[in-house]
Structures are given as C-alpha cells and as structure tokens.
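Before any questions on how it binds or moves, here is one chain, the form predicted on its own, in structure tokens.
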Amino acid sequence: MKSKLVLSYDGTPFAGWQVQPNGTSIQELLERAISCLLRSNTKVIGSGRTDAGVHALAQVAHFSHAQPLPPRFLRSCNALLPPQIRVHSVELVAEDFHARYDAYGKIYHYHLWCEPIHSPFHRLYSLHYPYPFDQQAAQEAANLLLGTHNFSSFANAAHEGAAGKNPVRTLKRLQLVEQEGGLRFEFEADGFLYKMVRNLTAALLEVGSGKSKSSTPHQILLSQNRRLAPAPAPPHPLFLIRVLYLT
C-alpha cells in the first residue's frame, strides 16, 4: 500500500528537507516518526527538496507500507514530530503515485517587508527591504522571464539527479503582489532548479533597486551563464505554497 501526506513546516531550525549528515532535516524526522509508528524502517519521498531555512505550507510526500496504517495515525505522527512540523492529512493513493514525478507544477512565494522597521513577528519569514523599490520595473523584468527557457543562469550547480541535467523549465507566472508590510513575489512553474527562485528574486531586487535595467535578468537568462547572475536571496522569506497534481 502507498499513502500520501500533506505537511507544513517552519524551516528555520532545519538543514532543509533532505536527509543529510551535517544537520537535522524534515525528511529525517518524518521517517523516524513513521518508522516508529509502523515498527518498520520507512522511506518518505517528497515532491522535491527545500533548502535550509525554507518553509512549506503544503509539502507533499508519499511512503509505502505493508499493513494498514494504525488508528489515530495522524495524531500519533504529529505527537512524535517537533512543533515546527505538522502533517495535515494522510490518504491512500494508487501504487503508481509518486509525490515528485506526478507533480506538474509548484507555487512558491517570497516575502519582502518594506517598512522602515522590521516587524518582530515577520522577521523570520520575510526579507527586510526598507529601500526605494520600483515595483513596475521589477514586474516588467519578471514578464520577460515567462515561458519555456533554459534557466541554467539562475540555478546553482548542485542539483538533484536527472532534474539538474535538464535546465529547461516553464515559468508560468511571476507576479509581484502588494501585501501587509511590503510585497510578495509569486512564482509558478512546472518545476524549479536548485535555488532558482532565490536567484530570480535577487535579480529582480536589483532591477527594483535601480542597480540594473529591466532587460538585464532576461539578458542573463539568454546568456546561460550563472556567473552573470547575482548571489541568491536569503532563504528564510521563501515558502513552498502548493504542489500541483492532476488529481
């Protein structure tokens, strides 16, 4: 049998989604909790990695199990997890379901706090940016990035498996939206390369600040040269909002 999980997490104290030797990951803690409940070593597969410090409102994962899930699985699982991680739902799915390969798209949000003083309640989840910002210029630059392109200019070298070998992605939406305290950048694509959202955000911040022209991110895109793009924006304002599936 195979079950699908939907979970949220505050990525602040973790080394990212994926199990790794240099820190505690969300995947590691989730596997530990489920393995304890099922009394069997259980591998949990996520829809994709999130970096250290990145958050998720609705990450999706799956795991296989030989027996039906125990009663009160959801409550017991959350009791074994730290309060920064919560599983919201679990459901049986078809044996061929795959949290990563069946996803046809993802939505990310990146938050800016543009007021002179950073709110203490938003400091862990937004980038303090109390500088003049030309939203229209940044949006015009964002519009030039839409469509299907080779996004290798906006991807860091390390990436997971076959996804890193194909840098072509379709960016369906990149919109700057006003919100309390500032702005959020909304990204929707069929998939994202390693640190692609943070790299695109950094390039658009340079446009909005007047450091580069609105055509510059598009020129960087066409160059397929990572060295021309700025360093990635910090991870803590980034949220995985939704993973998209056909059913």
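The structure displayed is predicted, hence computed values, not measured ones. Heads up: residue numbers just count along the shown sequence, starting at 1.
One more form of this protein, predicted together with a further copy of the same chain, exists but is not displayed; see below.
Figure note: of the listed segments 194-202, 207-215, 56-64, 37-45, the one touching a further copy of the same chain in the predicted complex, with heavy atoms no more than 4.5 Å away, is 56-64. Put simply, Y125 is close to a further copy of the same chain in the predicted complex: some heavy atom of it is within 4.5 Å.
Proximity of S8 to a further copy of the same chain in the predicted complex falls within the 4.5 Å heavy atom cutoff.
Though the partner is left out of this view, F239 does reach within 4.5 Å of a further copy of the same chain in the predicted complex, counting heavy atoms only.
The closest heavy atom approach of A94 to a further copy of the same chain in the predicted complex falls outside 4.5 Å. Checking A157, V177, V168, I117 for any heavy atom within 4.5 Å of a further copy of the same chain in the predicted complex turns up a single hit: I117. Taking R72, R173, H98, H88 one by one, only a single residue has any non-hydrogen atom within 4.5 Å of a further copy of the same chain in the predicted complex, and it is H88. Contact with a further copy of the same chain in the predicted complex holds for none of F133, N143 and G147, as no heavy atom of theirs lies within 4.5 Å. Looking at 132-154, no residue comes within 4.5 Å of a further copy of the same chain in the predicted complex, counting any heavy atom.
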